[in-house]
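Shown here is one chain on its own, the form predicted on its own, set out as structure tokens.
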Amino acid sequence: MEKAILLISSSYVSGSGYLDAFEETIKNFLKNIPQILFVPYAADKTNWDSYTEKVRQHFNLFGIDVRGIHEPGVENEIDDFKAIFIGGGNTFRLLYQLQQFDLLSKINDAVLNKGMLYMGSSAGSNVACKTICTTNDMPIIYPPKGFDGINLIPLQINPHYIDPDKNSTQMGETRDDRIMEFHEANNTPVIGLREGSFLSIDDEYYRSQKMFLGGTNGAKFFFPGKDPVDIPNAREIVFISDGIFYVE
């Protein structure tokens, strides 16, 4: 089965509404898909219905129906759907709920082995990685089974990535500092995905490690023990085994 994964840095981009900056990309990604499954678990439980309705209203504008994974008749059954969208919010809360409903391995299998399309935004993109350890969120809840994610790609994403501001008087750690700390304990490459950017991954990635960096603001790529590499524009990228990649 072919694989297709769309990982968006953020649902909102300055100057545009909910997912508006990615509308054409999403339409192409979900072409011929009449209905998607939405996972609102990054929000508080009291907001699952309203969050789902917000997503439903947006996707209905271009003819796609939305069912919430928590809704009656669905209730965490995923096999009947051809596409899943996990939205943003708090990554720790999202992972906690995915663990509670035993969904991590089920989603992994559905996407990698059964052809389900996966779309994530912000926390939904972070949880698609090996772990959620490069999230920006506060651990407001503890996922009891640890921090492993859905593991669709053997990489880490830092959503909403912000470049260091040389003129800032703020004395706390920059995002680059935090990612360097991550690499003091982990060897996994990290993609700092700026708002307005996305990664498109399909079967080609699993054959040759080629992916497409799209959107408007690019990304910064971090490898253990190496200087980060800034890719400011949309283009294809190929990783190779020693942690370096080619840009085509």
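Residue numbers run from 1 along the displayed sequence. Note that this is a predicted model, so its numbers are computed, not measured.
A second form of this protein, the form predicted in complex with a further copy of the same chain, is not displayed here; the remarks below concern that form.
Although the partner is absent here, residue 162 is a contact residue: one of its heavy atoms lies within 4.5 angstroms of a further copy of the same chain in the predicted bound form. Although the partner is absent here, residue 115 sits far enough away that none of its heavy atoms falls within 4.5 Å of a further copy of the same chain in the predicted bound form.
a further copy of the same chain is not shown here, and in the predicted bound form it never comes within 4.5 Å of any heavy atom of residue 203. The closest non-hydrogen atom of residue 153 lies beyond 4.5 Å of a further copy of the same chain in the predicted bound form. In short, of 58-66, 25-33, 181-189, 219-227 it is 181-189 that has heavy atoms within 4.5 Å of a further copy of the same chain in the predicted bound form. Using a 4.5 Å cut-off to a further copy of the same chain in the predicted bound form, not one of 197, 211 and 234 places a heavy atom inside that distance.
The partner is absent here; in the predicted bound form, the one residue of 106, 93, 130, 82 having a heavy atom within 4.5 Å of a further copy of the same chain is 93. Taking a 4.5 Å heavy atom cutoff to a further copy of the same chain in the predicted bound form, the contacting residues in 123-148 are 132, 133, 134, 135, 136, 137, 138, 139, 140, 141, 142, 143, 144, 145, 146, 147.
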